[in-house]
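Shown below, as structure tokens, is a lone chain in the form predicted alone; questions about how it binds or moves come after it.
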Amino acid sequence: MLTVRAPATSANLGSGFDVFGVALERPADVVRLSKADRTTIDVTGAGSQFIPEDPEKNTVGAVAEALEAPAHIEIDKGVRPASGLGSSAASAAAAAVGLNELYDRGYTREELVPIAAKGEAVVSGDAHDDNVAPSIMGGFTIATASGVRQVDASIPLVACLPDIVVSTRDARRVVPENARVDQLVETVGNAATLTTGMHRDDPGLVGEGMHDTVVTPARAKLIDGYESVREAALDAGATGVTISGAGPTVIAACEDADQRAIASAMLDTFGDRGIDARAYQTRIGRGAKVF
């Protein structure tokens, strides 16, 4: 038996739609795997009642099939589904890393990314690498058609998850099909700024580079109180604030000393609208770990 801890992730980071992603130190999924004649799945933990245990409908079942590695798989969910924190990606990443080792398939971490993405497709309908890549490889990742680039960054973050649901499919439906040239120019500049900040471990540049005028405003309408929470986080010291993945989690980059104040401000602002929320004071961390 192997046990794998795979971290939650935040994708897009504002200016890097479907490209950027980061691994978070917390929360995380813990997945236990043992060889079997056929794949079976048990799910416990956060939101487990909404996750199918049928291997054909679960992310890890698709990964096991892709690797030709049947197993009994126990998933302890630390990452709530429909949170914008890469819940399905964490399970898929853990399965890919664990089954690769359990069956000695010999894939590198980068080679496991498209395999884990097949599991993501079971949930979202499309195979995207922006969540599974950081969950497997850790740090800050840039996923493109030509592969994945990774940077070992360590930026403090606050991820505030309100008790509302935004489905990935709904979030994709509202993405604009067109953008003005000035918006594209601004987005490229912000993405470059964010990438530079990751290389320098500079929360100021990362926060500045999160700004986005194309996708984020459209998705913000799906999150009750987003603009107020964003302003509260910035007033409390955040260097940048945006939607994590498809939402509803709101993520803020910051300095270590400001994490507590930012978390409190975000929680209080959601609370003022009658919305319960949970804040994770976390940072960019490592990828899936095998025990």
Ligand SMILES: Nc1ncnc2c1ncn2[C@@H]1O[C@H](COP(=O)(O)OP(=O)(O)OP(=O)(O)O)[C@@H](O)[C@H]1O
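Computed from a predicted model, the values in this text were never measured in an experiment. In case it trips you up, residue 1 is the first one in the sequence shown, and so on.
There is also a form predicted together with this ligand; it is not shown, and the following applies to it.
For the candidate set 237, 70, 45, 52, a heavy atom within 4.5 Å of this ligand in the predicted complex is found for exactly one residue, namely 52. Between the options 150, 83, 193, 216, the residue in contact with this ligand in the predicted complex by a heavy atom within 4.5 angstroms is 83. Shown alone here, residue 187 lies farther than 4.5 Å from this ligand in the predicted complex, counting heavy atoms only.
Interface residue remark: residue 64 is not counted as part of the site for this ligand in the predicted complex, having no heavy atom within 4.5 Å. A residue is said to contact a partner when one of its heavy atoms sits within 4.5 Å of a partner heavy atom; residue 26 fails this definition for this ligand in the predicted complex, lying far away.
Contact check for residue 168: a non-hydrogen atom falls within 4.5 Å of this ligand in the predicted complex.
The stretch from 32 to 40, 257 to 265, 228 to 236, 243 to 251 that comes within 4.5 Å of this ligand in the predicted complex, counting heavy atoms only, is 243 to 251. Taking this ligand as it sits in the predicted complex, the stretch 45 to 80 comes within 4.5 angstroms of it through a non-hydrogen atom at 50, 51, 52, 57, 58, 59, 75, 77, 80.
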